[in-house]
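Just one chain follows, in the form predicted alone, and it is written as structure tokens.
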Amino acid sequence: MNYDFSNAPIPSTTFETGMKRLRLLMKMAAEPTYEDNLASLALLKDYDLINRAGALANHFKDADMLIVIGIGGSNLGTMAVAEACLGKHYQLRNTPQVLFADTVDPNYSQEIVSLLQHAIDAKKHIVINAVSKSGTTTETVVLLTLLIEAIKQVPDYRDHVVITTDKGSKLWHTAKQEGFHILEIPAKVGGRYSVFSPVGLFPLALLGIDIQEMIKGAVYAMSYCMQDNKKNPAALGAIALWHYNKKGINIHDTFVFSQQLECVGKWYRQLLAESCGKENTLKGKKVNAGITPTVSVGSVDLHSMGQLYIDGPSDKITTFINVEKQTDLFIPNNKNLALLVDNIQGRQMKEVMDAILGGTLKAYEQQKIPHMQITLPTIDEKTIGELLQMKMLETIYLGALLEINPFDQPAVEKYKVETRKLLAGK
């Protein structure tokens, strides 16, 4: 994986100040435990946890349909890795088919129920995986209740249900009483940092993803994202975002030049927003910190957002992500169509995509829009694991630079409290 930060220059004094703030954190991150906020980093060496998730996935190796019930950190990591490694249209050819139940929108939920009923009628092997760290997420409990009622038609239906939650949560105890399969999320591992826990490992393994390779990629990222030098991309990325944020640039666009990486962008959107959007610093000072994350897909969004990005307000910093090795797909020679656009006949499709990316980068340089570039050698489990781990470390480092807590989400609890009041008629 290659990184280019040359178009988001950081003054040497800013870099040194940033690294000085990060050194103690890097030392702690190198020896993580489940007892502190860096617990997500300890997942990579928890071989029992990794193997348990894989073994349970193997128990369901003949599954025809997987329904993942969860929202936010409970499903975005799974969606990101699955789409990246299996392709944008994997649902059309992959077994098991996977459905993501992440909203109580009545029409969408009815579609899920109808598809489940159709699978039951066809005597398909179905697995329902409900994921909720707290065990009390309203949307997740509503959907689980709905789908359990439908799957009760299946003999031994309890063997078709997997609950992923904190040990001791209300959902954990309910799962015990019902006789469902249970996977534990370590207590200090937050949802948006949980893709390498059973939250992501179980459904991904069931979909045929090599989770061992994914973990290897994450471990590799750890090895170079702890270095106290200018080759540490997680530290460089965090310092760049921090530096430009201080200059009033408070929008970070992840511009992926691969359709398969769109959900990776959405996963990172939650990671950055929920981690760094905080009212107060660690010392209690009110700052209303935050960098607004957006996601763009090349070249599609050049035709929807490009005008704004290039000629609009100077309030954005962009990270471009592209892929070096892709399918060899050639454009046929067609004499009539050759008259429409010059220099495309008989060329690889990737050459055209690279030219569009190159043109975009040139336009950003000319307009002096700060931007960084990540080039993945290919898209596979190891590379995606490496990318996700690097981004999680970058976010943790950014939290330290902003002097806020990147592991909590107090404002999310506010909407949950008010929702429960309304449901109670208060």
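The shown structure was predicted, so the numbers you read here are calculated from the model rather than taken from an experiment. Note that residue numbering follows the sequence shown and begins at 1.
One more form of this protein, predicted in complex with 5-phosphoarabinonic acid, exists but is not displayed; see below.
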*Within 4.5 Å of 5-phosphoarabinonic acid in the predicted complex, heavy atoms considered, which of 270, 95, 326, 174?*
270
_Give me the residue from 217, 72, 186, 306 that has a heavy atom within 4.5 Å of 5-phosphoarabinonic acid in the predicted complex._
72
*in the predicted complex, does residue 21 have a heavy atom within 4.5 Å of 5-phosphoarabinonic acid?*
no
*Give a yes/no on whether residue 274 approaches 5-phosphoarabinonic acid to within 4.5 Å in the predicted complex, heavy atoms considered.*
yes
*Decide whether residue 192 counts as a contact residue for 5-phosphoarabinonic acid in the predicted complex under a heavy atom distance cut-off of 4.5 Å.*
yes
*Give a yes or no for residue 103: in the predicted complex, does one of its heavy atoms lie within 4.5 Å of a heavy atom belonging to 5-phosphoarabinonic acid?*
no
*asked:* The chain here is shown without 5-phosphoarabinonic acid. Which stretch in 257-265, 338-346, 73-81, 291-299 comes within 4.5 angstroms of it in the predicted complex, by heavy atom distance?
replied: 73-81
_Please tell me whether the candidate spot formed by 28, 227 and 232 is one where all three residues come within 4.5 Å of 5-phosphoarabinonic acid in the predicted complex (heavy atoms)._
no
*Let me know which residues along 383-420 have a heavy atom within 4.5 Å of 5-phosphoarabinonic acid in the predicted complex, or say none if there are none.*
409, 412, 416
